[in-house]
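Have a look below at one chain only, the form predicted alone, in structure tokens format.
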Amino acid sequence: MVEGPFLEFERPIIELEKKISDMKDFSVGENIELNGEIASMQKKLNKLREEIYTHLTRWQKVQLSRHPRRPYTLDYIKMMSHDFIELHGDRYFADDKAMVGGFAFIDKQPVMFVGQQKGRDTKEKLYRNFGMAHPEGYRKALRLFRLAEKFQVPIVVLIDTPGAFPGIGAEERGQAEAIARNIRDMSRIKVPIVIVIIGEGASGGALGVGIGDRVMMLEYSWYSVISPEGCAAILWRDAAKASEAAEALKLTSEDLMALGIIDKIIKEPPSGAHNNPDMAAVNVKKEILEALDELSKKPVEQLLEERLNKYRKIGVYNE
């Protein structure tokens, strides 16, 4: 049975899981054979789970991307790699705890990981600034990108942020300039770059580390110019209309695949990555290694040209 917080649309699943768990306990405690009844309820549970998760609205997928038990960047790094050495600081101002990165090995493949990190409890959320990076976070990321380029190590970026931090201090230290510089310079980095949106991918906060040769999304993640709440606040002056905004923004992995903005959707375990983080990590690891194997065979000039062309084509339409 699933423990911990859950989303409202998951309630029927949680309730049925509890009934199955109670029946198993009763069967053991009273020494009564209930395998047939348990199997029947398990079959009903599987059908209910499939029915709910195959008919999710865009807003429900946004909620799943923010699930409090969903794996974060450091979770994936721990599950997918070994010998991770975290690197700190931007060499200008500070070490932004919302942006993490460092060298690691995925099997025998050396990589440079970079990504936003959220927190679980209140203390950690504040420590990580809710995954919203300051300018020093983006400058740290760029420093790590250049370090990876120096040692000819491919880059893996795991994106999960509700946006770049919009505070006064961040603006004073050049938030927009830091993001713009990253976008420019990432297009020139002479090693393969694989991007994976593992949760939320909001606005320039995501794009500031989101320029790469392959862009992939987990099935229940989202990627958009603005959050549904922000869009609703602007268009309707009512953040409660976030579900309507999510439908209009077309921000799910299926939407972005159809629009040609991403290259691949990474399937999540049944009921989402939060219900089986290990399986989710296996799926992400497999896709990263396949992408790096393909990209590593391309000459640098071809890699950079294709990277630029990839982003030039975004937004093109026929009248």
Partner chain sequence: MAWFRKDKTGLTPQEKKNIPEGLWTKCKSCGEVVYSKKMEELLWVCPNCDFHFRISSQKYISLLLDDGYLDEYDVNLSSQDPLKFKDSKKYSDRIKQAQQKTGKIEGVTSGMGKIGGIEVSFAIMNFEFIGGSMGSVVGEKIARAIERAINNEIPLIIISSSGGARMQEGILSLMQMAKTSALLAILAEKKIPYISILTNPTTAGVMASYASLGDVILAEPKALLGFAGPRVIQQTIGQDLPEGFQSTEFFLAKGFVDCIVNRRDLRDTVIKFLHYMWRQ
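Values in this document were obtained by computation on a predicted structure and should not be read as measured data. Residue numbers count along the first chain shown, from 1.
In what follows, reference is made to the form predicted in complex with its partner chain, a form of this protein that is not presented.
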Among 216-224, 150-158, 91-99, 73-81, the region lying within 4.5 Å of its partner chain in the predicted bound form by heavy atom distance: 216-224
Its partner chain in the predicted bound form reached by all of Arg128, Ile288 and Leu295, non-hydrogen atom within 4.5 Å: no
Selected contact from Leu259, Ala39, Val282, Val28, since only one has a non-hydrogen atom within 4.5 angstroms of its partner chain in the predicted bound form: Leu259
The unique member of Ile211, Val191, Ala104, Leu142 whose heavy atoms fall within 4.5 Å of its partner chain in the predicted bound form: Ile211
Gly174 within 4.5 Å of its partner chain in the predicted bound form, heavy atoms: yes
Its partner chain contact at Ile183 in the predicted bound form, heavy atom, 4.5 Å: yes
In the predicted bound form, Ser187 touching its partner chain (heavy atom, 4.5 Å): yes
Distance check, Gln109 to its partner chain in the predicted bound form, heavy atom within 4.5 Å: no
Residues of stretch 214-248 in contact with its partner chain in the predicted bound form (4.5 Å, non-hydrogen atom): Tyr223, Ser224, Val225, Ile226, Cys231, Ile234, Leu235, Trp236, Arg237, Ala248
